[in-house]
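One chain follows as structure tokens, the form predicted on its own.
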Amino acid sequence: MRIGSLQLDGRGILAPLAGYGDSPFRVLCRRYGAAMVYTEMVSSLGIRFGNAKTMEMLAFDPAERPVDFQLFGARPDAMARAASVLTEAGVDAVDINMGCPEPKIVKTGAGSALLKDLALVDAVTAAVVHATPLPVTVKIRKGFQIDDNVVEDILGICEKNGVAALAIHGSTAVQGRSGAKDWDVIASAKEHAAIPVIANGGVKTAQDAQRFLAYTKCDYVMVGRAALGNPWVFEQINGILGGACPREIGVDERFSVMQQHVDLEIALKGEANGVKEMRKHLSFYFKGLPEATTYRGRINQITGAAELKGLLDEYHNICVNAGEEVYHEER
């Protein structure tokens, strides 16, 4: 299956995860079968003005490919310029964020605020598509207010302007992560779409992904927080869609992946920052393991790589000796 010029292997895509979806995490998701990975959202104005922190977020590993860099912003000129910079950086696709409900993003007119201004949606998508030869994707919600539904309108704008694929989250911005996800609006969009549609929202397990795809008939399914501490969810999705039972991940493999993640973070960010970054990820990896609460508390006190490895080895031994198979609980 394809999105524009990109050939994708699989149907599970990693969602943009602010604060979590950095390069090391994206690498692990690709290793476990994610068809494509989205980056954390990046400020178009930050790129335009060369903000140091923003520019650091443009780092990616070839092992992530295909990688879709997500931009946010409300100025067509700045979005176009940022898309040009990303093209020069060698990314695989550019995504326009029209779904983030965070107040600090919305108050700038970006993210889900764009859903309230279809003329601006038109201008932004046209500007970005014109600025890059790469596939341009758009990620939206059903609408902004609780009763809004602008999906069909935005689908038409995207198709007119040459957008390569549309990801649709089945809730509105004011709902945030709460509330029911409207699969029917996504299914309706897919029925009328001339471009690939990515179903998004509420996937916690491989079985959820299978049901979501079967109901909506979408081309791909997007997985966000369910991948945290659980990058193998993409392998499980690929397996179940191929008719196999999802493979359970044993204790040894789980701890091996944790250490791989630690090594990748330290290689990219240095020891102090890498260890600090891993604290939040390890809290997710520990979910469903014995004595998880104790070890979450201990992990937050660690500052050095050797100490962190020692604690992971200790916890690994405890889990191995727990006397029973440990499974990753449903989220």
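The shown structure was predicted, so the numbers you read here are calculated from the model rather than taken from an experiment. We number the residues from 1 along the sequence you see.
Below: the form predicted in complex with a small molecule, not depicted.
Looking at 201 to 209, 144 to 152, 238 to 246, 129 to 137, the stretch with residues near the small molecule in the predicted complex, meaning non-hydrogen atoms within 4.5 angstroms, turns out to be 201 to 209.
Residue in contact with the small molecule in the predicted complex (any heavy atom within 4.5 Å), chosen from V251, M258, A113, M222: M222. When the small molecule is considered in the predicted complex, only one residue from T216, N97, N161, Q175 comes within 4.5 Å through any heavy atom, namely N97. Looking at C319, you'd find every heavy atom of it more than 4.5 angstroms from the small molecule in the predicted complex. By the criterion of a heavy atom within 4.5 Å, P16 is counted among the residues contacting the small molecule in the predicted complex. Taking the partner from elsewhere, E271 is found to have every heavy atom lying beyond 4.5 Å of the small molecule in the predicted complex. Taking the partner from the other structure, the small molecule in the predicted complex has no heavy atom within 4.5 Å of any heavy atom of D61. Contact check for E40, Q70 and H169: all three have a heavy atom within 4.5 Å of the small molecule in the predicted complex.
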